[in-house]
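First, one chain by itself: the form predicted alone, in structure tokens.
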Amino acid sequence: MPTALPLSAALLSLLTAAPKAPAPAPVTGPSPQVAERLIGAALTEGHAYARLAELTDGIGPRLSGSEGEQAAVQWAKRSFEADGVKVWLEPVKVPRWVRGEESARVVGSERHRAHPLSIMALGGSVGTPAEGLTAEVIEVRSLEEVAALGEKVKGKIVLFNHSMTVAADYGKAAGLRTRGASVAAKSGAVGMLVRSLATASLRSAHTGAMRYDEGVAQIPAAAVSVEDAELLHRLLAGGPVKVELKLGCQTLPDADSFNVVAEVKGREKPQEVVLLGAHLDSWDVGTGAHDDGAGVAMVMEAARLIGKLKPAPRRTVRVVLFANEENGLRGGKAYAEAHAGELANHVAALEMDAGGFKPLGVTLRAGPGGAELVAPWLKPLDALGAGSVLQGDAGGADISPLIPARVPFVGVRVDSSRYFDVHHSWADTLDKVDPKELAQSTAAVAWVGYVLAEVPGVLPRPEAPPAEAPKPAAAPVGTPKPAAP
């Protein structure tokens, strides 16, 4: 277990000081002693980082259907049991995609020598023929540009270039990765490359999910490192460029997996559920430390700490470690289906999936009056700089299937400005997670989870989504990550 983290003097002062003036709201917050037992313990005991080390270094990558994912499910179950938290497994059928060997190179010509390229197949891609695929590259910067080029795309490998430099650009570029192959194939392309969706790069490729449109030829698709996308851009300025691409990936039959569900039963209203979620799976590269091992460690530690409280909070706190967020969202859909009969009693849902960075505050997706209900209870988080209700919606990929049931969403926003430095890459490893920042966000999650379960009232439910709105399942898989603040 790592060295204990000191509890700040500011937090101790905040938790023990008498209120300066009566709060205008009629709600009285919990005692400083409860805050100390949750926030103080999360900051000083170091369990979250130790647990993250077990998951990342001990088990490693956890792509759906893999042996690593199966090991992670059993590890999570044993960990909850060791913490004295009730736990069970709920079955989910998940896709089974295998990467295989992969390589690419710029074919040498009279203008330049051959260059190896750093690439990774996109999750769900088909493979190339065993001998590989060689074709000229054509560079575009949007899906619309492919259609505008018409016949010029036929027989080519389409390179989707873009200019992602900050985390907020992810949403703009994600469609190139998820939809680019089918858009290119409709114009006759034989392969697709996309510049990695990354805010930093040391010639590292960043993978991610893609999907094929029905009735459209399935062409191989891969992400290329930022540096190599720039290399291709420069070479193309001087004339035609050919690339040889070899992908050994394949999709196998669906596999059996599980959502891991644990809960601390409420003392007064056990039928009312506060859901704290994270996804247990990761990509098959790196060890998923930020995405989403950190979120898993946070919500597991929240359950452990809340489970030790006597008395328990008035409502039930339920932790769900979802299966298959990265390349299918099967776990989120399965949970919504399995618990359809009790979603009316889900009073809040919170998902942590933006890395193990320092907390900045709380976001809500609820009806009018939600902020007024929660804000007076957030004062103990002021010492962490996270005691305010921030602008912007809360949400998450795995809890998105709960939107039709009008479940209120709550978020602990973290400083994810560097999240996409390592996202979906070999570099997403434990050393990238700061133990102090992870402890701070864990404290915030534990406290917010407790508040939602203990506050006398419940969050007003948000308005129903418009009937014509797309179903959550139609959203690109793995892309609804919170934007950087």
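Everything quoted here is computed from the prediction, not taken from an experiment. The first residue of the shown sequence is 1; numbering continues from there.
Quick note: we don't show the form predicted together with another copy of the chain, though the next part is all about it.
Of the residues Leu459, Val455, Leu43, Ala427, just one reaches another copy of the chain in the model of the complex with a heavy atom at 4.5 Å or closer; this is Ala427. The contact with another copy of the chain in the model of the complex, taken as any heavy atom within 4.5 Å, belongs to Gly286 out of Pro313, Gly286, Gly411, Gly331. Not displayed here, another copy of the chain is kept clear of Pro435 by more than 4.5 Å at the level of heavy atoms in the model of the complex. The shortest heavy atom separation between Glu81 and another copy of the chain in the model of the complex exceeds 4.5 Å. Looking at His112, you'd find a heavy atom of it within 4.5 angstroms of another copy of the chain in the model of the complex. Using a 4.5 angstroms threshold between heavy atoms, Ser441 stays clear of another copy of the chain in the model of the complex. Considering another copy of the chain in the model of the complex, the lone stretch of 159-167, 203-211, 243-251, 356-364 in range is 203-211 [heavy atom distance within 4.5 Å]. Heavy atoms of every residue among Ile59, Glu227 and Glu230 are located within 4.5 Å of another copy of the chain in the model of the complex.
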